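A lone chain, given as structure tokens: the form predicted on its own.
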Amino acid sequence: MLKLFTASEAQQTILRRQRGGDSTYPQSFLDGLAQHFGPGTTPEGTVRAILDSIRTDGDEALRKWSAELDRVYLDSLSIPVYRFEEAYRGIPDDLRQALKDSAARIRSFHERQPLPSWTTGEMGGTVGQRFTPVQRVGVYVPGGTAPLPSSLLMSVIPAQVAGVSEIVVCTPPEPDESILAAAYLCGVDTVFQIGGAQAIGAMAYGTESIPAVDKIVGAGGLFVTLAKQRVYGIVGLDGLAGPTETMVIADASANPAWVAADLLAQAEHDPLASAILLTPDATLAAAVAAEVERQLANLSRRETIRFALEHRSGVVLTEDMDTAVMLANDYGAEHLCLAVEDPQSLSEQLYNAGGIFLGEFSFEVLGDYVAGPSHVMPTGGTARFASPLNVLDFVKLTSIVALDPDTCRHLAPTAARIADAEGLSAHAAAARIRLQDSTGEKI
């Protein structure tokens, strides 16, 4: 089930990134779309139709798509606030405490992230920068095949730390009590039971019930990602999430049962998830593959896991650890786990990853729930240039310019000369007029 690859084989298969995305879809998936939207419909076309209808028909379109796609007929798009506390009080005591512990660590981590507003008078007058929070943020919380209260915590709390004044949450209809409990724990008072592309459209364009936001964050499935891509520019985005992925670099010191458990945990998310082991140790590779088979039999989502492991995952037997590092940097995994004897030294050679998990006691599942950093991380190789969701995603940097008269007169000729070179005579004139007195004479 867990295939073995050489480094060169893996580079042509499971490690190969397709820039521009993979626009091929299983025929069964396309057949399902055709039932709702007509023959020949693509996911991109489906999302375009949904978004266009929401922009035109607002709440009416949201109710229509919820009935057609989710089989839920909504009287109210919003969930009453009193339901949040009911859910919080009603969930098991141990789950309530787990959510509280997770929220506390997430908040503590993000409160340590600096937001350095500053000014200086050393350049003539005052120049500087000022951070201000985004005013209204939309958070999408997936609901699909597994409720994800952790995603609400991981997205809402950094926004609160940044000072966002209004947070709007959208999650698929009839959300699990744990999601409402997490909303109560965070102090969120606006949750709409709208999922998929229609939620993204509602938050981007605004409807009679749902306010338009300034930025949308949070991961989702294919339709959420395509919708976010389409509304970018109307609103800001945290990123475009693809299927989740983890990469483990392991040496002979690794515990094969633990490595296997970590790969299985990642594959559990999604049939399109990737769980990849890089190791120069053939004995470990065989032991991990055997452990995967043994442990899989006892897991509830084994069909999802099996599909992910057979199609987008595998063990890559590398010549040495240097080759593993090279492959990891080229791949840019969302999660990069170091099950090696000296993880600190190895981590210093790695620069493309959403999160690096050092040692087998810092396993990725802790990052999913309670370590502290947000688990909303860059996927699809975007860790080459993108970061995990953090406080900086919820603020804007504004430049401050307050120059004194002497500095103005000193800089104006420089600005005018560059404007002349660019053929922008009005720019040049606006600079040179500052060099004249009220009679037009040069100062």
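These numbers were taken from a predicted model, which means no experiment stands behind them. Start at 1 with the first residue shown and count on from there.
Note that the form predicted in complex with another copy of the chain isn't included here; everything after this is about it.
E174, D189, D94, D320 - the one with a heavy atom within 4.5 Å of another copy of the chain in the predicted bound form: If I apply the 4.5 Å criterion carefully, the residue I get is D94.
Candidate from D281, E310, D368, E166 lying within 4.5 Å of another copy of the chain in the predicted bound form - any heavy atom: After the contact test, the surviving option is D368.
Contact flag, S53 vs another copy of the chain in the predicted bound form, heavy atom cut 4.5 Å: Looking in the predicted bound form, residue contacts with another copy of the chain do not include S53, since no heavy atom lies within 4.5 Å.
G32: touches another copy of the chain in the predicted bound form, heavy atom cutoff 4.5 angstroms: So G32 does not count as contacting another copy of the chain.
Contact label in the predicted bound form: G355 to another copy of the chain, heavy atom within 4.5 Å: Yes - in the predicted bound form, heavy atoms of G355 and another copy of the chain come within 4.5 Å of each other.
Another copy of the chain contact in the predicted bound form: I14, any heavy atom under 4.5 Å: So I14 does not count as contacting another copy of the chain.
Another copy of the chain in the predicted bound form reached by all of K3, G40 and S209, non-hydrogen atom within 4.5 Å: Judged in the predicted bound form, none of K3, G40 and S209 sits within 4.5 Å of another copy of the chain.
Proximity to another copy of the chain in the predicted bound form (heavy atom, within 4.5 Å), stretch among 97-105, 166-174, 273-281, 310-318: Within 4.5 Å of the partner lies stretch 97-105.
Heavy atom contacts to another copy of the chain in the predicted bound form at 4.5 Å, residues of 256-279 in sequence order: The stretch touches the partner through A257, W258, A261, D262, L264, A265, E268, H269.
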